[in-house]
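One chain follows as structure tokens, the form predicted on its own.
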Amino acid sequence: MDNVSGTRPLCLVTGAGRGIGAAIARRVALAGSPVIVAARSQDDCVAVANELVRRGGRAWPAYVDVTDPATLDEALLELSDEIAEHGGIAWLVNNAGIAETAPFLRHGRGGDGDTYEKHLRVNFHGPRRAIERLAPSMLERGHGRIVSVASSAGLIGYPYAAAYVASKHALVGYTRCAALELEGKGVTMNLVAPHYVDSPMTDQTVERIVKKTGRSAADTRAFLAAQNPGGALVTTDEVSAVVLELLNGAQNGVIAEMPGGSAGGKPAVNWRT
């Protein structure tokens, strides 16, 4: 779908320096839409943006710390000419996130502050603030697509992950409510909720389990894959394919739960409302 300027919609992806975010930026750019590759890791953002340009896409790196709204404002100002050229940011993908584990009674006693507050700042308030910053202009133009990468942790509970689970549940609840208010206004808001993904975040989980249990990395990865209902880790490419489907479509208020594995040659997806 083209935006009002006649060009492909401009997309901003947070947490786009690696893993799921980088895969989404690649998928969107190679499908023909320009992308703002945003994250705190500037070296990674520059590398991803440069790769996309080499492959024929249009992309710009941007320093955005989702816990600091000023960094988003500064990035938008710095890229104001590019944004104006494309008629505004029409697509927003909220992907930046963190995940730390601990017994639920210890989450509030982390060395760098309350872990519950830390997860909410990144995983819930980060997307909320980006939406509040960009959705008004989408509504003015009568077109916009917002997709947030949640997790199966926004649908069910996991032991030793109370802060992460709580933050993702908050994101899911917020999105469900906001989507109802957006109905019929040309702007849609949806969620992708993958189970364990073969990503850098899962690599960190594997490292923690190996260190704690002495189990091999290969056995640990196989164990995590077996926890997915589909019996396989979700790939970053599979997540990016579903995100692009939602960006291109007109669905609103849906949750694309990804259990792992495939169905009919496509990533397995349980569509929830």
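All figures in this text were calculated on a predicted structure; none of them were measured in a lab. Counting begins at 1, following the sequence as shown.
Below: the form predicted together with a small molecule, not depicted.
Chemist: Are any of the heavy atoms in Tyr196 no more than 4.5 Å from a heavy atom of the small molecule in the predicted complex?
Modeler: Looking in the predicted complex, residue contacts with the small molecule include Tyr196, since a heavy atom lies within 4.5 Å.
Chemist: Asp65 near the small molecule in the predicted complex, any heavy atom under 4.5 Å?
Modeler: Yes, contact at 4.5 Å.
Chemist: Would Ala16 show up as a contact with the small molecule in the predicted complex if we use heavy atoms at 4.5 Å?
Modeler: Looking in the predicted complex, residue contacts with the small molecule include Ala16, since a heavy atom lies within 4.5 Å.
Chemist: Although the small molecule is absent from this view, report whether Lys168 comes within 4.5 Å of it in the predicted complex, heavy atoms only.
Modeler: Lys168: yes, in contact with the small molecule in the predicted complex.
Chemist: Mind checking whether each of Val149, Tyr164 and Pro200 has a heavy atom within 4.5 Å of the small molecule in the predicted complex?
Modeler: Yes, all three are in contact.
Chemist: Since exactly one of Val172, Ile98, Ala179, Leu134 fits, which has a heavy atom within 4.5 Å of the small molecule in the predicted complex?
Modeler: The residue from Val172, Ile98, Ala179, Leu134 that makes the contact is Ile98.
Chemist: If you check Ala39, Ala59, Val242, Val28 against the small molecule in the predicted complex, which one has a heavy atom within 4.5 Å?
Modeler: The residue from Ala39, Ala59, Val242, Val28 that makes the contact is Ala39.
Chemist: If we take heavy atoms and a 4.5 Å cut-off, which stretch out of 215-223, 200-208, 51-59, 244-252 is in contact with the small molecule in the predicted complex?
Modeler: Correct option: 200-208.
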